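First, one chain by itself in structure tokens, the form predicted on its own.
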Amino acid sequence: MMKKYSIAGKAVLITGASSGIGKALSECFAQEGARLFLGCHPSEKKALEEWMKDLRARFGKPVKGFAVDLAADGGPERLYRMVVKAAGKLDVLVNNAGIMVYGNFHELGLERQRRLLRVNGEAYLTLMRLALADMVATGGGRVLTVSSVSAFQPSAHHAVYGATKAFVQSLSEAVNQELRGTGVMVCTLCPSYTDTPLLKAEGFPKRLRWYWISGLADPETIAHKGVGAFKRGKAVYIPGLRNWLIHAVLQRIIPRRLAGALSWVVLRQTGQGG
């Protein structure tokens, strides 16, 4: 049985830590005794500062924040350099920052979808590549990729979001195999729809038909379960038995075409015709 990974004293970078799952994860890692380095978009700097003040007061450990736009040219590289300079060495990277746009692919603005691709895909790749090179050189470390159940089948009406999750899921699993024997791991956390600001973004429906099936998880529960799985060394973790059955089992049985058709139906907002 694999020994649980100890987080105490580890330098942990969490992107997108000012709200949602990232914020909840930062609290879980703080409870485990980590040294936190938290990233956010510049527009969320004030919110992150307030959250860091709360964490310091409750857990008595230093927490440092970095407001960097991961969609900007050189943004991920700049964030990584700043964190390593402050931390000395990064032990854990939590790739969590993400954005979402909802609607038909051919109708949504091209630049909005390109930005999504840069944040949800390219930034994940860049930060993981930089971190893993240093981790392998020192013989230890872990990456936690916050993916999604959207990685396992087409996600109609937010197609680019789902495609980026499929990309980082496949990348993370493949790289984790390459890391055998190095003392380094890449783990993925794949929640279903969670009550975060992502689902309150411009144009996102208040309700999806899918919620009737999966419900809407809370970030704290997802974070708590996710950190537990991360400590146990779970390479792929889907919280909730129902979600695991639907996305890890059922998707391997039903035809791909049917999976796509079902996503078109259940990922439409309630009350929408068609």
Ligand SMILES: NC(=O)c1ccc[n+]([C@@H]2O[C@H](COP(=O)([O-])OP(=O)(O)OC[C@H]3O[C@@H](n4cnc5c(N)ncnc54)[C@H](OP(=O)(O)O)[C@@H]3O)[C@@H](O)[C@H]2O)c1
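Position 1 is the first residue in the sequence shown; the rest follow in order. Just so it is clear, the model here is predicted, and its values are computed rather than measured.
In what follows, reference is made to the form predicted together with the named molecule, a form of this protein that is not presented.
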Fill in the blank from the handout: Only one of 179 to 187, 116 to 124, 102 to 110, 133 to 141 sits within 4.5 Å of the named molecule in the predicted complex by heavy atom distance, namely 116 to 124
Exercise for the section: Flag residue 197 as yes or no: does it have a non-hydrogen atom within 4.5 angstroms of any non-hydrogen atom of the named molecule in the predicted complex? Expected result: yes
Handout entry: residue 191: touches the named molecule in the predicted complex, heavy atom cutoff 4.5 angstroms
Key = yes
Exercise for the section: Decide whether residue 80 counts as a contact residue for the named molecule in the predicted complex under a heavy atom distance cut-off of 4.5 Å. Expected result: no
Practice task
Mark residue 152 yes when one of its heavy atoms lies within 4.5 Å of a heavy atom of the named molecule in the predicted complex, and no otherwise.
Solution key: no
Exercise for the section: May I ask you to list the residues of 43 to 72 that have any heavy atom within 4.5 angstroms of the named molecule in the predicted complex, in sequence order? Expected result: 43, 44, 68, 69, 70, 71
